[in-house]
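Coming up is one lone chain in structure tokens, specifically the form predicted alone.
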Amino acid sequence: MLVTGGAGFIGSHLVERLLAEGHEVTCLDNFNHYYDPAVKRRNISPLLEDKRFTLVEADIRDMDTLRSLFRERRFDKVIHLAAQPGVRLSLQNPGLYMNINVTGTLNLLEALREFGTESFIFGSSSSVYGATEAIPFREDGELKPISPYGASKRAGELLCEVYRHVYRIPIVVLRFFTVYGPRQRPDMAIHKFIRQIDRGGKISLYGDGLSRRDYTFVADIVDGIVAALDKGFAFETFNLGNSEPVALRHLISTIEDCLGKKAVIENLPEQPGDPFVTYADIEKSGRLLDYRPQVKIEQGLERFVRWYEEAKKQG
């Protein structure tokens, strides 16, 4: 099977799981410079000796390379996680997000149209819900993305719907809710908070600290992806979240407890593009995927901090 973005945060955890379950996995990643590419290379370095693992360094915008890869390998399953992430950066450079997240997804769907597959999983985001007032967020509810990133993910979902309708490609859309855990991207809030509190630096608190996020531990997300692989759905959309939103101030205080250090907080205005709350309704995921998130925020942050401390020792 193929995992795009397989050297990244979620992707590397997923690839590890798939290999442990006996699958042959091709990882496609372009190791771009959104953050230090060495981080992603460390993510997958333990996997390079596994004969069932193949690393392909390529860009999903390169249609010629995708076509050659699909022609050669004839993937039975494709999990598409590669994307340009980041809500705030998308406000500064929306064209980049449309180019990578929309055109890249279109290229993969075109490759699937030409060569076929048993299953295509599209990694989407809770950002597609945006400013919806219907809480918790249901898969069949209102979608009001408020950032170019969220819009690019929704555009990807719509392309999936079209390709299912016209070409009968079996597709599952998974909407991830604020994933965290070991190997999280260094630009993401929890990783930044841990690093800055540990070093005694300031952390930026946007708004009054009462905004809430449905933080979901990466192992629970991987469980959901794997559960969707073999179900044989024609087309379905699922939320993968923890369904327990956590206030930003509580998140920070829990990190303080885990580190044994106090945060130095810089209060700043709320940022455009950020919803006040994210909250996954996971009834459908539980019913059809037997998805049951196991890791509470306190447990997840403890694991994250342990990983951070070990990674710091290793330089």
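Remember, predicted model here, so these are calculated numbers, not experimental data. In case it trips you up, residue 1 is the first one in the sequence shown, and so on.
Beyond the structure shown, there is the form predicted in complex with a small molecule, which is absent from this document and is the topic of what follows.
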Check for me: heavy atom within 4.5 Å of the small molecule in the model of the complex, for each of M98, L106 and R168, yes or no. no
Residue-level question: is G11 within 4.5 Å of the small molecule in the model of the complex, judged on heavy atoms? yes
Heavy atoms within 4.5 Å of the small molecule in the model of the complex: does R185 have any? yes
Is there any non-hydrogen atom of Y149 lying within 4.5 Å of the small molecule in the model of the complex? yes
The small molecule contact in the model of the complex: P245, any heavy atom under 4.5 Å: no
Heavy atom within 4.5 Å of the small molecule in the model of the complex - the one residue of F70, Y35, F53, Y279 that qualifies: Y35
So which of G123, G156, G181, P145 reaches within 4.5 angstroms of the small molecule in the model of the complex, heavy atom to heavy atom? G123
Option from 256-264, 45-53, 58-66, 284-292 whose residues, in the model of the complex, bring a heavy atom within 4.5 Å of the small molecule: 58-66
